[in-house]
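Read the single chain below, which is given as structure tokens and is the form predicted alone.
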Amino acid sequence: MMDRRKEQILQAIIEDYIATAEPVGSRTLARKMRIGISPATIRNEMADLCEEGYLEQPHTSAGRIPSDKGYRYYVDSLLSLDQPGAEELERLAEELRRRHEARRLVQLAIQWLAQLSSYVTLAVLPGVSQVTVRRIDLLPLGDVRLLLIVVTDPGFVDSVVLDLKIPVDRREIMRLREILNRQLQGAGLSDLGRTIRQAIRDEMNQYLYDQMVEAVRQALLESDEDRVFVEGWPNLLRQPEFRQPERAARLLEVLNRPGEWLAQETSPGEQQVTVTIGRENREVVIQDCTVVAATYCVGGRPVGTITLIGPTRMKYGRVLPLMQQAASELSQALEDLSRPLRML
């Protein structure tokens, strides 16, 4: 267990380095801490922290900078959270209240995050493995045309117009709607196997069966892979760590293909916010970055992630509450969106 004086010195170094991006020396630290510790004592403590792996010395004559281990200790044990202001939160809540489409809600949440954090933000929309049927509706568009609406969790709506060869009256439409909802509610693409298809076929004629089951399948396939939105690209280039063009280019290339690595670093789960620092990340190119991820939920069930990426020299006290609030507000907006959709 680290003693209190070492904790104070480690915290002061990390917060100074986050603010300035410059290595921190003992004299600078003694002047800023104002707690009566001499530069010589601070040097000795800094040497111990280096030996223990919490600090690094980039050059022989330079001051110290935090290591991944130092940042991890800071996040887990020393961090003071800087909660977003009421005006900032109200702006997000107001924007989300105005929207009525799930994909747009997710985009708005990460735009808000990118603006307030000054880092890059991403969001993963659930892929077909997670999407399930919530409700199916059939609306008549004439004697031989139907609008089939498929509402999937977490509130995405897809529809297709069916051109029928035979007229279908309203009573038959109600019967078909009841069959589809009874058999398919809660089902995902992988559930549309032989047994469930046979159960539907037994209750409607072959022609209607072919059209309707195929339409539902296509609606689920609209999410045939996780969709990723990215916001705040210019923020990346403003960070001192990424001013070298080659370094920035490598990171931009990786962020342009997030489907290849994002699921490895972040996955929805019971823990709402996760922080992965430096070499804790498996993707080599982002091993000088911190990845902060938060789950968003519908009905208490995690359905996707919002993610923030920046240098390990990140304003953790600012970022973590922003992530918590964005995930909470997004979850609430999706939950509100789902209520009227259940009435379709």
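So that there is no doubt, residue numbering starts at 1 and follows the sequence shown. Here the structure is a predicted model, which means the values were calculated and not measured.
There is also a form predicted together with the DNA; it is not shown, and the following applies to it.
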Inset, instruction - Would you point out which of 289-297, 273-281, 37-45, 313-321 contains residues with a non-hydrogen atom within 4.5 Å of the DNA in the predicted bound form? - result: 37-45
Inset, instruction - Please check if Ala62 has a heavy atom lying within 4.5 Å of any heavy atom of the DNA in the predicted bound form. - result: yes
Legend entry - 4.5 Å heavy atom contact, Val24 and the DNA in the predicted bound form: yes
